[in-house]
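Here you get one chain, nothing else, as C-alpha cells; it is the form predicted on its own.
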Amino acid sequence: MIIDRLVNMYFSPTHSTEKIVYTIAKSWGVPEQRTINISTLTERHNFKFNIQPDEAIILGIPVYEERIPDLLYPVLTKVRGGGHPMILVVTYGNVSAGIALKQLNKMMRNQGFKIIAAASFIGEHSFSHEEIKIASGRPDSKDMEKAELLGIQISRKIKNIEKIENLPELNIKGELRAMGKLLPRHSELAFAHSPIIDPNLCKKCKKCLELCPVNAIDPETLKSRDKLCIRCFACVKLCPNNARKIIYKKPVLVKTALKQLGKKRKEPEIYI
C-alpha cells in the first residue's frame, strides 16, 4: 500500500504534542503533508474536516485528567474518514495517560478510520515550573528517537500490506488511577490559580493572547479569566519575559503530590 499524502492534526498549546507528531511524520517520509492545528479557539470554531484519497492522518492530543480534553469533543466528532489510515498520539505529564488513548481509539474507529499505530508520549507537565519540575524538558532526545523509530515502523507496515481492512485491530490498553476515578472533572481548577502577572516583568507584548487556546486572557488587562482558564499554562511557559507565574492552591499538598507522582520517569508506550 502506498501513502502519498499525510495530514498532521494536533491540539498542542505548549508544542509538546506538535513536536511528537511532526517527528513521526518526518521519519515516515510521506512526500506531501499538510497541517491542521486546532490549538486556538478560532481554529476550532471554524473547523471543517475533509480528507483526500490516499491520505493518512496523524492525530495528536494532550491528556487532561487522564482523558480526552472536553474542549476537543466538538472538533473530534467532525473528524470522519471512510477507512483511511490513522495514527493516534497522546502526550501526558509523566503522571498517567489514563484512558485517553483508549478513548481516542474507540472514537476514531467508530468514525470510520483504520487505526494502524498509536502511542502515548511524555511531555512536560502543565503544572511544572522552576520550583517543582515534572517531566521538565520532555519530550527529550530519547523521546524523539522513539518517535522517529515509530515513523519508520509505520512506513514499513504500510508498505507491507495490500488491503488495510485486513489489518487486525490494535489492543490499546488504559485505565484510570484511583485518584482519577475519585476527583471531580476539571479538578485542576482546585489545585492552581489562573496565571498571575508580574507587572515588573510584563512588557505588554501580548504574546499570551496568541498562546491561550481558549481566549481566557483579557486583551486589555492581560489578566486570565479564572473560570475560562484551563490551566494548560502555555502563557506561562512561553512568555518571552517570564512575566506570568503559576501559583498553587493548597501549595504544600500540591507540591508534595506532584513531587511523588513525577519522581519516576515514564516512557512512551507504542502500539503497532
Ligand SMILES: Cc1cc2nc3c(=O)[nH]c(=O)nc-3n(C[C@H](O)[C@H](O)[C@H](O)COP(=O)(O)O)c2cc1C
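Treat the numbers as computed from the prediction; the structure is a model and nothing was measured. From 1 onward, residues are counted along the sequence shown.
What comes next is about the form predicted in complex with this ligand, which is not displayed.
Residue contact check for residue 230: one or more of its heavy atoms lie within 4.5 Å of this ligand in the predicted bound form. Proximity of residue 143 to this ligand in the predicted bound form: non-hydrogen atoms within 4.5 Å are absent; the residue sits far from the partner. Among heavy atoms of residue 68, none comes within 4.5 Å of this ligand in the predicted bound form. When this ligand is considered in the predicted bound form, residue 28 lies well away from it, no heavy atom lying within 4.5 Å. Proximity to this ligand in the predicted bound form, defined as a heavy atom within 4.5 Å, singles out one entry of 194, 126, 105, 120, which is 126. Just one listed stretch, out of 57-65, 41-49, 199-207, 216-224, contacts this ligand in the predicted bound form at the 4.5 Å heavy atom level, and that stretch is 57-65. In the predicted bound form, this ligand lies beyond 4.5 angstroms of every heavy atom of every residue of 134-160.
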